[in-house]
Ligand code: AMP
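We begin with a single chain expressed as structure tokens, specifically the form predicted on its own.
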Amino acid sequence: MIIGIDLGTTNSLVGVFRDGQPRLVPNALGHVLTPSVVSLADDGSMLTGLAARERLATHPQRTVGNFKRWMGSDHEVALGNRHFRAEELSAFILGALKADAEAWLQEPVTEAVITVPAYFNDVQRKATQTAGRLAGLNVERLLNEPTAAGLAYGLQKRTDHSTFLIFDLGGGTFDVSVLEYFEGIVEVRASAGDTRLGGEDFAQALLEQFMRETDLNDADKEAAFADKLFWRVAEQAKRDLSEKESAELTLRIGGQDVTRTIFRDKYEERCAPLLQRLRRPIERALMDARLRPEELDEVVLIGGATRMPMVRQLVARLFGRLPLRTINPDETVALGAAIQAALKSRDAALDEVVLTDVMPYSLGVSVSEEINGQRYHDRFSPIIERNTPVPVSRMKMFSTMESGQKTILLDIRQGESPKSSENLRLGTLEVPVPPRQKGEAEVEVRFTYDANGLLEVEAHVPLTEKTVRSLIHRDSQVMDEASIAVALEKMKDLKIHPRDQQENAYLIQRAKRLYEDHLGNVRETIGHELTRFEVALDTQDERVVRDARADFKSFLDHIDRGFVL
């Protein structure tokens, strides 16, 4: 069984193709959205999802979210006395989704299609594959999120030639892709985006608006921004402003409650620079696809952040039409991933679809150039240009710059800057060449880029007829085989909180968060009800626990009306 996974910055989902349609798999709590949050519990077990998210406020030093933004970097997060990379944290989420799928399907799951932002670079894609491997999944394919959205919207079912623009603004990343359908082929014409722009940035703008209207000293402001509960309240206010003209924020700062009313118009003014950042990837994608806005058949919005009215209005102004948003924007990518998983397994309910993607960045090598006797170093020579359909293989010839030179060092880069050092280094490959006069020893360099966005380099020396074939030497930011083995052992030693106890764990962590939020009689009542629930758990009587859980949840809902899912 191949499952489809949307590994998101804020929430993650898993889907399968059943009874002729994609279906989203509920987690142990009955929700299809699993928060991308991980927490190290006091007993040493790992909590994921809602239970972990409740600990963001009560145990900020042992809890983390938004780690997708660190994917492909060597950034480590300390949870208690343990340290984790983004790949390892993502693996806990993937493992939880795998367990949910196995419980729902009643069969083992070993393979998955995982979606990634279209603008993820080579290192980030490798890191995502590593996360899948750590979770016990064979990653059959990495699918670009906008492409998954096109599948979910049935682009492959169109009877005539159609062109879509997919506008994907999620919690942490922004992607825009132009997709074209013709004669059973779904082709990505162009992709662009910003991996550092998403709903979290709009929440930060809300916090900045709050701070501007609040007379606080610098120390209080710094403490507030570091408070994870602060971000939770801001996220809720951001959602409220999508439905109402104003929202109230109440935050405890410096030992006292501070309340301010944020008006939508003032908030949108503050978000103007973020809206401007959304325009450039759109313009680049259309330019690379050689299309004018009026030539598009549809503009599709996906990603939870597209619920903000200012985003929908921006898109409507840019394209002179109302965008399409008929599928829940939080669920679109996961549904498309489930369809792609079914296509990979050749499900009989689906017609064969040829799905092509493009490379989001140019790939090339660092070179030196000699002009009028003057040598210029640190130049970038693209071998494969961005937005070339993949899989693809391209070759380019290079030669020595010095007489007697015995090796050519290929410094492999990814990016769009003419200055090589400003592009992302993917790795290096050393190629032996026979010593000859300057320019006489040549090497044919071939880049092969596959459907998963992974690169292989081949260097052939015509003078010796020798060829060096190798995957790129791994960048220091990517986990090598030894590091993966260590991570697997580390994860074996950690206790993963049992799936069948997740709802109980969630309610306990939720009660602890509410206990910290309140004072006086309310706090005392929460503590009393928490004790009663823990007594019920100690009985290990399934009927007693089930009844107590229902009563306890109803009580917490009453206390926590503002944050009930």
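All of these numbers come straight from a predicted model, not from anything done at the bench. In this text, the rigid core denotes the largest set of C-alpha atoms whose superposition between the two forms falls within 1.5 Å. Numbering starts at 1 and runs along the sequence shown.
Missing here is the form predicted in complex with the named molecule; even so, the following discussion is about that form.
Contact annotation for the candidate site: 364, 411 and 469 all lie away from the named molecule in the model of the complex (no heavy atom within 4.5 Å). Between 383-391, 299-307, 124-132, 175-183, the stretch whose residues reach within 4.5 angstroms of the named molecule in the model of the complex through a non-hydrogen atom is 299-307. The named molecule is not shown here, and in the model of the complex it never comes within 4.5 Å of any heavy atom of residue 85. In the model of the complex, the named molecule sits within 4.5 Å of a heavy atom of residue 242. Though the partner is left out of this view, residue 117 does not reach within 4.5 Å of the named molecule in the model of the complex, counting heavy atoms only. In the model of the complex, none of the heavy atoms of residue 72 sits within 4.5 Å of a heavy atom of the named molecule. Proximity to the named molecule in the model of the complex, defined as a heavy atom within 4.5 Å, singles out one entry of 194, 330, 140, 268, which is 330. Contacts with the named molecule in the model of the complex, taken as any heavy atom within 4.5 Å, map within 1-40 to 10, 11. With the core superposed, residue 440 shows a C-alpha displacement below 2 Å between this form and the one not shown. The Cα position of residue 132 differs by less than 2 Å between this form and the one not shown after fitting on the rigid core.
Relative to the superposed core, residue 173 shifts its CA atom by 2 Å or more between this form and the one not shown.
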